[in-house]
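Starting off, we have a lone chain in the form predicted alone, written out as structure tokens.
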């Protein structure tokens, strides 16, 4: 895959600016109408989905002039896909794919962001996208969990880099293990043998590093004979489910997010949430659990010559509507005492938490600005707590809340389930 294959999509952009805002029909409050954090902050067309497509189109025809401003535009994007989904409300064209390919072209041509290069160098050395202290499986000490690389299990729980190593996020791994044990699931972890899914490397533009990680993971999974993988990380979920399939690496592996699996266990009667958790909450849809988690659609065909952008056979577009939206909400509805009030931008039109696309590492100020906009939106609902289903979301929200002094609490959904059991 390369940026050249999206030439037609980039030429289709008519600069209507639909990529900047959620569709008009979905706007509940003018204060929460933006879809794209990049254009909302930098307020210059080049930082929008359309602007990036126009830059890509010109680069194909005239060559790429790698200036500091160009690279600033390329890397100040969370790759959250909001521009893509808003455009597809009315159009049949790809927006995120060519933007992603342009970033990969920058990396391949030796113009990677230095901060992201540092992260990837760490990945090469440790198999992790976050700083490493201790061993990857240390969080599970004393829990008597099965080692999926040595014992037969039905489910592999892939913990993820942040949840494995970050002391503040290890509580999510422990809560998940408690929930699965309570439901009687025959599961295991890979422990120190687990390695990064590669999803965040892909977002940052490092295709080869992503593919290397994907191949390592699938080799481990195949050797262990595991048929079902469960993860609580939205980035990992999208990587295993969508990106691995995009590159024909997933095979018949069943990939479930922990919210999908908990929802299944509740509905099968294997998990009962009986303890009251008296809390008024609002729910944040992570980008890679929501709009970017739709199954990859494998399509082969050709563009029919002529004026219109028509394909034979017809091309089906991923529009974000088939993301994971019901399971987290069904779980919250199952917890006694929880009251859910929705924000203005939800599901496929959710505002990003700010942690994706390498922005968290290359421009933490922008990541915090994005998170703060979501926190303001959450606060406007009157909720006591902001609930999400991804450790990266919780981590970025918490860091931002500490800086603002807000009283809003932040939980991952597994924390509330653990309280309820």
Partner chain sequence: MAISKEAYKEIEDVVGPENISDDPSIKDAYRSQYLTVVLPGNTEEVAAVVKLFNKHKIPFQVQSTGWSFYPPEYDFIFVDMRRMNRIIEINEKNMYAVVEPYVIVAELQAELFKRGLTCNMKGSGANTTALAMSGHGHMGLSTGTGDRNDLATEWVTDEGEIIRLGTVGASGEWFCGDGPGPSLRGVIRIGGVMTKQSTKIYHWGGPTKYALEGNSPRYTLPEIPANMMVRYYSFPTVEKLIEAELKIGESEIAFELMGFCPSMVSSNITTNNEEDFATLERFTKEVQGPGFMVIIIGNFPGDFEYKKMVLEQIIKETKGKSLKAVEDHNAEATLLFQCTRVTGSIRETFRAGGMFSSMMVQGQRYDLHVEWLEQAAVWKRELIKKGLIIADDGQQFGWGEEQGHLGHTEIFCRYNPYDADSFKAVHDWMDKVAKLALTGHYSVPVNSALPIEEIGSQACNYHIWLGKIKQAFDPNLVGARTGFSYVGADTAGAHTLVYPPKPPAKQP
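Numbering follows the first chain given and starts at 1. Worth saying up front: this structure is predicted, and the values here are computed from it rather than measured.
Here the subject shifts to the form predicted in complex with its partner chain, a form of this protein not shown in this document.
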Please pick, from 233, 85, 287, 239, the one residue with any non-hydrogen atom lying within 4.5 angstroms of its partner chain in the predicted bound form.
-> 85
Answer with one of 273, 224, 91, 340: the residue that has a non-hydrogen atom within 4.5 Å of its partner chain in the predicted bound form.
-> 91
Region of this chain that lies against its partner chain in the predicted bound form, out of 376-384, 65-73, 355-363, 392-400 [heavy atom, 4.5 Å] | 65-73
Indicate whether residue 12 is a 4.5 Å heavy atom neighbour of its partner chain in the predicted bound form.
-> yes
Does residue 187 make contact with its partner chain in the predicted bound form, using a 4.5 Å heavy atom cut-off?
-> no
Check whether residue 147 has any heavy atom within 4.5 Å of a heavy atom of its partner chain in the predicted bound form, and answer yes or no.
-> no
Using the partner position in the predicted bound form, report whether residue 311 sits within 4.5 Å of its partner chain, counting heavy atoms only.
-> yes
Quick check: do 126, 133 and 264 each get a heavy atom within 4.5 Å of its partner chain in the predicted bound form?
-> no
From first to last in sequence, which residues of 1-32 have any non-hydrogen atom within 4.5 angstroms of its partner chain in the predicted bound form?
-> 11, 12, 14, 15, 16, 17, 18, 20, 21, 23, 24, 25, 26, 27, 28, 29, 30
